[in-house]
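Encoded as structure tokens, the following chain is the form predicted alone, with no partner shown.
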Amino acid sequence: MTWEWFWPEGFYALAMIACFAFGAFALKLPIAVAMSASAVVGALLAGFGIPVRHLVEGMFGYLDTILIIACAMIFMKTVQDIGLTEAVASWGIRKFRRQPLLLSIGVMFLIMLPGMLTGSSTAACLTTGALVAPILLKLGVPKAQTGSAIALGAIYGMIAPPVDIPVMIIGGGIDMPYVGFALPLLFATVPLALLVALIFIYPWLRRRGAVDEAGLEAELARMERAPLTFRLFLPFAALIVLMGGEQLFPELFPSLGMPLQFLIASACAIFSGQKWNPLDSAVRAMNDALPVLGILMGVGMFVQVMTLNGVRGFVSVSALDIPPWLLYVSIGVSIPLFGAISSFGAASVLGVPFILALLDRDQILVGTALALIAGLGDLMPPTALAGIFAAQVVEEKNYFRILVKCVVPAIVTVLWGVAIIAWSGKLAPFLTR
């Protein structure tokens, strides 16, 4: 630790982090409440009292992101309630039951899908993660491996396109539009997702010996409550048309924004031929999304106060002063560790200074890599959202058993992200325009 950390801004930063850790670990406060309390402590120490205006302004700092997650959760709950996700999962398992490699890849994509649409690893764990967990267990995959595959798949889905919240946050910090990220994000996440599928799912599906055939058949029969028809795919078809049309034919498709696109696609479920209660789906979606939305509000207050008392500027200047040989190490270590507060907070507080320190590199690829590394924050205790919810859906009481299995893939993820930054100049002609 250098003497700069005993300057006022460094002291404020350490005090805010200590306050958050005390609230989250010792007092067992919800993460959003602990972050809000640490923001108040940071303002008090700097002599600003309780700056209500700044706290409220910070609370709504990520309003766009909050609306996207909320509406995307409504969409995912809708397609879940009409039986689409279950019908697709059941069809895929029956179709590729004797092809374990394809089945492993298909299951991993299914886990990632809600994260890709919502930008939230929690959404992936609680929807398709909860859907495939009992199936994988009945296919003979152990709890720890099943939970690890769900946690990592949820994180890679959160970073994959079309919705990547950490990239949006980093881009917003340097006025970089969320354009041209689709191919880089796929390049960053798909190889890792395939690796996880091959490590945690494929070896067990290949054995076939420990399969609970009767339980598996009963589970698949339960999931086939809705016939797999084209009408059932109407919500997804509408979403693809709305999102794809806006990107490919902007002169023909108005820019509705992601929240409205998700809501319109959800409304198309009326024509799916299945009965469901839209109000009940929306209420349950909001209940599932509230922990994530609360964290975003807490992150907003935390970052707003860090800007007010000078901590954010201090962190930015410190990042710019890091020697080049130490910069990659700092990225690989500090961003995931700060993700213990929040992966979104890590993207905002550290992602922006690091991308400014790497202005000589391709900004799209650097932003992609930083977002990928920031996503690992969802594996860092005490928050560890992906690890906790993955353990919950596989009924594993000790979520650290899930986290231990994720250590090696997490290290590979960091190395992959750092490599993308280091080779961004050579990769840019192929991945960006």
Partner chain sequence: MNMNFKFNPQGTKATALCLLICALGVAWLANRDFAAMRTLDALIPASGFEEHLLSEWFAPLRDTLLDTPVYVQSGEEPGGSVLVLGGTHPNEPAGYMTAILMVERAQVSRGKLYVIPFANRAGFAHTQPQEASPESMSFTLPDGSTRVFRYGSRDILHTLTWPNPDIYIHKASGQRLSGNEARNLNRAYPGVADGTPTERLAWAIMEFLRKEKIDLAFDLHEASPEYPVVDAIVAHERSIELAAAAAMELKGRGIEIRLEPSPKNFRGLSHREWGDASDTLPILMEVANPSQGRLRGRTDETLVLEGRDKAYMKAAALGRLFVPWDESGKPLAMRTARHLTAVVTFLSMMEFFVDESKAIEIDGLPEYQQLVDDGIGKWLHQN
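We call the rigid core whatever largest set of C-alpha positions still superposes within 1.5 Å between the two forms. Just so we're clear, the structure is a prediction, and the values are computed from it rather than from any experiment. Residue numbers count along the first chain shown, from 1.
Just so it is clear, the following notes concern the form predicted together with its partner chain, a form of the same protein that is not shown.
Residues with any non-hydrogen atom within 4.5 angstroms of its partner chain in the predicted complex fall in just one of 350 to 358, 228 to 236, 150 to 158, 132 to 140: 350 to 358.
This chain is displayed alone, yet in the predicted complex one of Leu183, Met286, Ile240, Leu256 has a heavy atom within 4.5 Å of its partner chain; that residue is Leu256. Interface residue among Ile270, Leu101, Val317, Ala218, judged by heavy atoms within 4.5 Å of its partner chain in the predicted complex: Val317.
In the predicted complex, its partner chain sits within 4.5 Å of a heavy atom of Leu308.
Looking at Glu246, you'd find a heavy atom of it within 4.5 angstroms of its partner chain in the predicted complex. In the predicted complex, Ile82 stays away from its partner chain, with no heavy atom inside 4.5 Å. None of the heavy atoms of Thr78 is located within 4.5 Å of its partner chain in the predicted complex.
Along 49 to 67, these residues reach a heavy atom to within 4.5 Å of its partner chain in the predicted complex: Val52, Arg53, His54, Val56, Glu57, Gly58, Phe60, Gly61, Tyr62, Asp64, Leu67.
The two forms, fitted on the rigid core, differ between the shown form and the other one by less than 2 Å at the CA of Thr383. Core-superposed comparison between the shown form and the other one: the CA of Leu263 exceeds or equals a 2 Å shift. Remark: with the core as the superposition reference, the CA shift of Phe48 between the shown form and the other one reaches 2 Å or more.
Cα of Leu126 to Cα of Leu67: at least 3 Å shorter in the predicted complex than in the shown structure. Relative to the shown form, the CA atoms of Ala386 and Phe22 are pushed 3 Å or more farther apart in the predicted complex.
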